[in-house]
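Take a look at this single chain in structure tokens; it is the form predicted on its own.
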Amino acid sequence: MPELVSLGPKPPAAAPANAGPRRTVFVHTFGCQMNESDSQRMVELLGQAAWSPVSLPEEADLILVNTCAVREKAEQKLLSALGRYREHKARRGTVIAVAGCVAQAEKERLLKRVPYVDFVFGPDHLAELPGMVARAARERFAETGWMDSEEYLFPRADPEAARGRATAFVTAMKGCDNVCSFCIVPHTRGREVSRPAAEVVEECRRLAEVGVREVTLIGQNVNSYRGGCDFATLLRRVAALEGVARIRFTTSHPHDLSDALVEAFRDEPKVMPHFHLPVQSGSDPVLARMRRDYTVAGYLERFDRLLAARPGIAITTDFIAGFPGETEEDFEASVRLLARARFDNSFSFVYSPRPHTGAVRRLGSAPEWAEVPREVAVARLERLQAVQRRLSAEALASRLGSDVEVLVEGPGDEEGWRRGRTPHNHLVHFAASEARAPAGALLPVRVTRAGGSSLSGELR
């Protein structure tokens, strides 16, 4: 059952300066696409209760900080942000709430530590947000208990809120059962719970009806989906919807890259040729300590099957540098894997000791769990990223002179420019008016310039 921790009644707050029929909310989001999706759902839920989003915190009656705990210093980043928002509470009575993974990990401790935070809630309670905002007028509280899988309510996207957007996130599942030794996610997002397939497909259908052309199915370990069918079948059911032109998904675990999923990439053109497949390390001993249930050879076997099924697919990955016990030989194995796979891009980080994880419990307990000095880990990360920058630049440069299909997402950074993405998930900027390139249009663009992280081109 949900866990409610109350710190008692709160003193009356000053009325917000612009109190009226509609109140205003500002959301500060840290972290992954799951958090971005959760923040969108928060705004949509509050919109149904007469709240309007604003882009500046000083204009907000409610400030929501949606947090991430995957990397170190997450708590310090949160406290720094809250310190900036304290003045808005003093000036206009702004309500301040903390959501997401740090909220789930810290629970009522955060309320005791930061007395001007009004309430704290974990990811399982997102659907209750409007009611929690009302309750915050009476008491300070933390709501961070886990929902039973039978009780869990997946927040649904509001199609009307998505009208005019080209892309949308759709939650397929939440949580993770893998318990990798470096990862805090099972402790902040809970066990895996899959959303019923019919509900996922219906949400995608309703989004397509208001003009959304691309849906991204999301979950902490989305390809382990078991909502009445396997994930490959879910992809095919969404692809059958009229109006859905593109399908993406994130994020994945290599052991769930099934033959059926490979076949979906081979057979279904609406499934975009881009796959994020985290490897974490190129060393088998390190992978074993990470509790990743594959070897480098096993990962590459899956990798090669995917390339054979969808030639030219852009595969991205994750690496951790400086995991406990990582030797120079282990690190060089990661560099060799990166060079061999020629990943389109990778997200790489220095190892972050996270509470409640197996690696933290064993850190320093034996030579193979020795802590890697910070300066060594940082130097290794910089070397790895230098190789990746070169590979990514070469991947983008290979598109020069080619025609690519771009899904227009909106205005570019400069006036008179638009932006969008290719099937391979490369960002493209091109000169065009909104009338000629409205959001949601699929347009041919000739690539004329390749930068370090994006392409530029001309409409054909």
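The numbering used is simple: start at 1 and walk along the sequence shown. Since the model is a prediction, treat every value here as computed from it, not as a measurement.
The same protein also exists as the form predicted together with a small molecule; that form is not shown, yet it is the one meant from here on.
Using a 4.5 Å cutoff between non-hydrogen atoms, F182 counts as a contact of the small molecule in the model of the complex. Interface residue remark: L337 is not counted as part of the site for the small molecule in the model of the complex, having no heavy atom within 4.5 Å.
Proximity of V70 to the small molecule in the model of the complex falls within the 4.5 Å heavy atom cutoff. By the criterion of a heavy atom within 4.5 Å, G325 is excluded from the residues contacting the small molecule in the model of the complex. Distance criterion of 4.5 Å from any heavy atom to the small molecule in the model of the complex singles out H253 from the list H253, R380, R140, R302. Residue R354 is the only one of R310, R354, R213, R156 with a heavy atom lying within 4.5 Å of the small molecule in the model of the complex.
Three-residue candidate spot N345, S402 and A450; no residue lies within 4.5 angstroms of the small molecule in the model of the complex by any non-hydrogen atom.
With the small molecule left out of view, the stretch that reaches within 4.5 Å of it through heavy atoms in the model of the complex is, among 165-173, 227-235, 317-325, 360-368, 317-325.
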